[in-house]
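Form predicted alone, single chain, as structure tokens, below.
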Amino acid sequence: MMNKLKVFLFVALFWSPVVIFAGEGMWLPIFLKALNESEMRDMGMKISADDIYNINKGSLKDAIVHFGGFCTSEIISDQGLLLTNHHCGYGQIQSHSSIDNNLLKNGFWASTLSDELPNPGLTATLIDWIDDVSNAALDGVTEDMSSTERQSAIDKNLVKIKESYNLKSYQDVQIRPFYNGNQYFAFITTTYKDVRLVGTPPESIGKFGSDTDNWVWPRHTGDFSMFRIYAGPDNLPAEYSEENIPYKPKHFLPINLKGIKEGDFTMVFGFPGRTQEYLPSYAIEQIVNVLNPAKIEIRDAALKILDSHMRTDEKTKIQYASKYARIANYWKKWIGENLGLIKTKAIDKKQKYEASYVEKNANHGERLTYLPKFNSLYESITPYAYARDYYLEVVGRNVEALNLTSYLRKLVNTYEENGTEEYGKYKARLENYLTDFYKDYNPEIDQEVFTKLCQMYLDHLESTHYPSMFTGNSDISQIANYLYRGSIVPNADMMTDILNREPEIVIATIKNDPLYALAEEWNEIYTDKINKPYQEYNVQIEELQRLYMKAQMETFTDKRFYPDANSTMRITYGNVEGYSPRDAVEYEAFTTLDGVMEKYVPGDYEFDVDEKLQTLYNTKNYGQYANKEGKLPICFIGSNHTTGGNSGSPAIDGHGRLIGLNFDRVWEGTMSDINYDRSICRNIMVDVRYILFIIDKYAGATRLIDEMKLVK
């Protein structure tokens, strides 16, 4: 087994212990003692690095859970009770909802353990320990190798590394590259497969402000939901069974009822998804001026269509609630990202950094070639990157029928390449998927989206990137009518009927379907004329980025280089503090229930407030959850460096106690994925006292409060 304590390789090679701005960085927990503990203590942390990450006894890491592989959650009781965001549990909440039993609208609180709802496919993953395996991963790798040869050698090494672990049957090992492939770390995990829905507030609380308030401050959203990990009788992972029992964790987070104040230390622990902090200026120029504007425009058009239908029909609102939120999330993020990059002059900052890099490398000829090469490569890749994003947004994401054809393509390929047995296996999985797909699908709405977005595609891309059906003076609305009336893809009954026939008939019908044929031709054009040249340039950019990353770390020896996020466990720390996004505007760090009532719009699906919460507000029935001024805290912001994947991450105080739940970033600071700037980058957290208030006073779910350890 790899040495669990071998943690200083990259510290010795690349790092010097100098102070950076508090809040910046997504740090690996195994290096906190060497790199961050002293600074964290100066900022107000009272516990030690060993209390955060420890493989010999329970520590904070043992309460941090990768929720479904896409969000973070935390264990808050000795019975495996999980806290995560409402939007992280949204798909599960929706799956249990119907017109007659609308959990999205009404909320849900299990009265007993037996009432907690199972969620097939939902997982909860814990990190057992982390190893630095850089030496073994890069064994035999030399700089004169091509990128293909290099990756082939690394892949063989990774297989050997995985085989060297003597793991339990329920454990797995994931090895991820860091610093653009200059280092590698292994994460040994245990995944639980029985995760049940325990409670959720209604959307009017859990999604208060909805898309209008998304990514912005001030915020008044109770963005939380509750699940529970279940285990077998040995406390180990087990498939769902009524006989399973609540998981007994190595550690769970106690809860701080005292509250927080401006300047207090905050720590966010979770699984941030992806950042790109070390890109050259040419990449940021491409994002700001070309790629983000295109994606924003496409999603803006799709969202307007969905919104117009959701506002007038309750069934449509339920069907499209999750999809709308998913589309809107990054649409608004890209808008804020561009605003922030421009406001903080991110391109100018990168160019000054690059000028310093050039100056320091005056005697390193090879390093001086990297930036000119980036310039040339980004000029060459930009038209293909633009066309690629357009295709993926239109065909791959926002027109549902076109997206569905990719699953049918796999069915056809499985039959033609692997025969009837494998075809039957995939068809069974596809039929399950189609049941969920058509339940939340409206072909008339999708046709409207198709018409609008395909016209935009024609208006913005070269004719060489069109399917033949779109060439000439095409009337997209007529084409849409022809396709959606003549295709089996948008029609659930026709699709079900066809799939019940003999395989030869199914395959022939699909291949002759007009919408499928359009998608196939379009996919071939994308593959050959867009993605192929894009990938040829992108491979060169990725290899150059690896060399440039290594050169930066060797050039600026007085700078601490935290690794980019890659969905692995990280710590970020900062302070509770407000900010000033623009001239004459100052935001405080806290919001209260008063702000909910100020935003209240009766009947509005984003800002309605139900009668019970109004009554609690009017009577000031806040119990032990009010602050010193007698107000009920809702949300607060801090300078923690977070991103997607940190949704549901715990906000932890200096004593290791839960103070809130991370769920968003401020709009102006969403560019922190590319350019963290302390002046405007803030993460948004639900105050844990509001969460407890909703569970206790609003929902009356006191059995859940009784499970927790509340510290006053």
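For clarity, every value in this text was computed on a predicted model and none was experimentally measured. Note that residue numbering follows the sequence shown and begins at 1.
The same protein also has a form predicted in complex with a small molecule, omitted here; what follows describes it.
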For this session: Name the stretch: of 572-580, 309-317, 261-269, 213-221, exactly one has residues whose heavy atoms fall within 4.5 Å of the small molecule in the predicted complex.
Result: 213-221
Exercise. Do A136 and the small molecule share at least one heavy atom pair within 4.5 Å in the predicted complex?
Worked result: no
Exercise. Though only this chain appears here, would Q540 touch the small molecule in the predicted complex if you measure heavy atom gaps against 4.5 Å?
Worked result: no
Exercise. Given that the partner is absent here, does A325 sit within 4.5 Å of the small molecule in the predicted complex, heavy atoms only?
Worked result: yes
Problem set entry | Touches the small molecule in the predicted complex: T451 (any heavy atom, 4.5 Å) | no
Seminar exercise, completed: Only hit among R196, K350, R388, H87 for heavy atom within 4.5 Å of the small molecule in the predicted complex is H87
Exercise. Among N329, T509, S474, N491, which has any heavy atom within 4.5 Å of the small molecule in the predicted complex?
Worked result: N329
Exercise. Does each of K207, S647 and F663 have at least one heavy atom within 4.5 Å of the small molecule in the predicted complex?
Worked result: yes
